[in-house]
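Just the one chain here, the form predicted alone, laid out as structure tokens.
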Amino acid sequence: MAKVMVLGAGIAGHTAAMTARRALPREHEVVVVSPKDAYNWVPSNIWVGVGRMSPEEVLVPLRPVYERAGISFVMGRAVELRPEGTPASPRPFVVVEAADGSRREETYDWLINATGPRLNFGATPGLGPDGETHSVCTAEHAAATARAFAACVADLKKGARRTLVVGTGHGSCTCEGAAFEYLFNVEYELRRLGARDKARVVFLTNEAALGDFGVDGLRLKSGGYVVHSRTFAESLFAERGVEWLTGAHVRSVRGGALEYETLEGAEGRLEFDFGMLLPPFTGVGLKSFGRDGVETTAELFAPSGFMKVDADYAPKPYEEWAPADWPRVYQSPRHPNLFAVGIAFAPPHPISRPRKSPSGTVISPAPPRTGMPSAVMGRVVALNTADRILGRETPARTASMAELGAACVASAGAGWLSGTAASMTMFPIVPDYARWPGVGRDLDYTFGEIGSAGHWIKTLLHHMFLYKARAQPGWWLIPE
């Protein structure tokens, strides 16, 4: 009997656990370790953040799902990894810390690390729910953000002028797409509620230009033309009357103002009344130790805290980056029974061109690897693991971001009849300029449109993926 352990129950981890359980006979055990007992469909947090949904509408309690599926659930935070065991206990194990501080050892035969990120609000003084800005990274954060937004709207309706800033709170942030979505839902709600005329809405981002999205921008088909995503984004901003500040790193948030520097070396101060700024991500702080008790964290993990897998981490200039640098099976080079998927794996380098300000501050998006790519990674690794357990001599499935496409439906307003969304697809996620000179991607599969149809697709996806997360009949037929 084999024991497959999954650390984390987000999009990647939950997908991996459910896929492994379905692929393996019941004599094999599947265990999920997570500090939270609810699955959060994160893409819909932006609707919670403007009060269009409640947290309960984006959360799925995990215990009933796992009990029905035959998956063991351990609630706690993985803090220590022992992939070689100890002299007294040679079987690999993970140390799990409960909410009360108690610790226990959980053994495994195969481990899939899907812990996701630590929300590093501390990288920018004053950033985050414990500071002066808000977040939509979790359902709880989003609910608090909705309350602050409602208070701001109330002031606007009384005739007060207010500045609302949305974007990224540090030069190394990722998930610019989520900030983009939330921004346009805020703008839509201001119009819907009759509070737009006295509101100044500003988007602040570490992207060198609008439409970068952490993937170095893209050329896409739209309306019969091939346009750059910068043009696509800027036209939407201009249409909605939203200001933008690109290439910006927030140094601090204090006294109701952001202090920032830009790629050009300019320094500025932006006073605001309501702010939703995303934090940078790091690994969750999982440490590893060898059989002799000597710490091996620096060998298994990158300095960012994310786990090293089958990628090329050799330092090289931007001009030498290649699609082959990216991992394909997400396997640790040191331990063949250890994998990392989703945000938990360490990317070999950014996707966007790296940039610094004249003072040396990194102001460049980290590569996005959430949502659809995370789920695909979780499924592929789970199926490869099941094949090995069952002794199947089949070629390993792969899920390189340089070979995967992605679809993104970015909400720009949630009204039933007037809601819109920007729908974009790209193939591949990591551009390949050798294969597609000048554009880096296949234009037959890279396109973008905005309209009400996208909103209905976004709504449909919300319900489909929550249905899938609840493991309802035929859930496995719904693609990632």
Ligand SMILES: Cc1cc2nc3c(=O)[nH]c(=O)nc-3n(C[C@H](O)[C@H](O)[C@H](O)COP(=O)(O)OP(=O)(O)OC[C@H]3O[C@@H](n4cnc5c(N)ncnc54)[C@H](O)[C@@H]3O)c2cc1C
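Start at 1 and count along the sequence shown; that's the residue number. Here the structure is a predicted model, which means the values were calculated and not measured.
Below: the form predicted together with this ligand, not depicted.
Remark: of stretches 185-193, 329-337, 110-118, 310-318, the one touching this ligand in the predicted complex is 110-118 (heavy atom within 4.5 Å). Taking His141, Lys221, Arg162, Arg77 one by one, only a single residue has any non-hydrogen atom within 4.5 Å of this ligand in the predicted complex, and it is Arg77. When this ligand is considered in the predicted complex, only one residue from Ala412, Met426, Val42, Val48 comes within 4.5 Å through any heavy atom, namely Val42. By the 4.5 Å heavy atom rule, the three marked residues Gly10, Ser34 and Ile343 all count as contacting this ligand in the predicted complex. Of the heavy atoms in Lys458, some are within 4.5 Å of this ligand in the predicted complex. When contacts are judged by a 4.5 Å heavy atom cut-off, Glu207 does not count as touching this ligand in the predicted complex. With a 4.5 Å cutoff on heavy atoms, Val136 counts as touching this ligand in the predicted complex. Not displayed here, this ligand is approached by Ser374 to within 4.5 Å at the level of heavy atoms in the predicted complex.
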